[in-house]
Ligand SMILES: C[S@@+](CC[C@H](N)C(=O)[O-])C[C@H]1O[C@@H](n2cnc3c(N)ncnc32)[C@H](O)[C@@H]1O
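Heads up, the chain below is alone and in the form predicted alone; it's given as structure tokens.
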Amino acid sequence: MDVDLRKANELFHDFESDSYDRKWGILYDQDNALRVRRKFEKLLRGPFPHVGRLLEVGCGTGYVGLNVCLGGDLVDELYACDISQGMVDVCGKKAAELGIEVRAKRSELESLAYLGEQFDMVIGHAILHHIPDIEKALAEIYRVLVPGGICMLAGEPTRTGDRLGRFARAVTTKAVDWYTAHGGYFGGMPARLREEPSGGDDDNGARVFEDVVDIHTFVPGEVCALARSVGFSEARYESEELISSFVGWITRTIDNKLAEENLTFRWRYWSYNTYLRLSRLDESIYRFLPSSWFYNMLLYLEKPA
């Protein structure tokens, strides 16, 4: 498919904005605030610092920025941007519901609509793999950071982790199709496939882009080398989620394939708590396995002082 990748990302994420949190199980509470902070503290190798001006790039619905602010008096001023105006609008609504002030606006990561040397910290989650020009995006982050400022990006798929995730999704899709076709039960009733939305042409057109907006998978060392080439004095990485990611892709595929009435509270509760338990298991085995096996790359970048 010959498409404008930036426009595809904008249209698809506009379309997804209202249902995005439900689809990915995103919550805003003290437990999730602690979970988000721990992601970044793994990179920081210490406690999350107090930040004057914090920018969340590719903010989506505000998952990491809003949860960081829920975690205590850590941020003086929160800014957020996304290529999707729909996501920006949802982020603003979520912030208002949580009593958090955020200055959110539409802006592309490859050409950030901010002055240079404006932010003490830039954070993001699951954004870099959507960006056509990674080098330009990293250069823009470098430009808007103050000297000595840091950037932390989480949720970026490693090459090996992505292969495992694709395998889990493909096998689960075939299994669910077979199970429903042969009269299986799920949630105490006959398993039924989710009906495709019957929206207008715009909705159907946006959904077509789902398979093209995930552009990159990463070899972490190569990303660090690229970051140093644009000026960052320090670039390093960690990773997370191996077993939890594999099982998570299985449960999310079931969620996306089956009809809503099959997905009981008991199922959702089991899925969520299984993910949490397996995440703890992943952390316990992390130091014994190559970090490149884990699904999510966590990237730490520091601008020279």
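Predicted, not measured: the structure shown is a model, and the values here were computed from it. For every residue, the number given is its place in the sequence shown, counted from 1.
The form predicted together with the ligand exists for this protein as well; it is not shown, and the discussion that follows is about that form.
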| item | value |
| --- | --- |
| Listed range touching the ligand, judged in the predicted bound form by heavy atoms within 4.5 Å, from 124-132, 162-170, 226-234, 71-79 | 124-132 |
| Within 4.5 Å of the ligand in the predicted bound form, all of Val176, Ile254 and Tyr275 (non-hydrogen atom) | no |
| Selected contact from Ala191, Val90, Val102, Ile83, since only one has a non-hydrogen atom within 4.5 angstroms of the ligand in the predicted bound form | Ile83 |
| Distance check, Glu108 to the ligand in the predicted bound form, heavy atom within 4.5 Å | yes |
| Partner contact for Leu55 in the predicted bound form: the ligand, 4.5 angstroms, heavy atom | no |
| Contact test in the predicted bound form: Cys59 vs the ligand, heavy atoms, 4.5 Å | yes |
| Partner proximity in the predicted bound form: Leu27 to the ligand, non-hydrogen atom cutoff 4.5 Å | no |
| In the predicted bound form, residues of 236-263 near the ligand [heavy atom within 4.5 Å] | none |
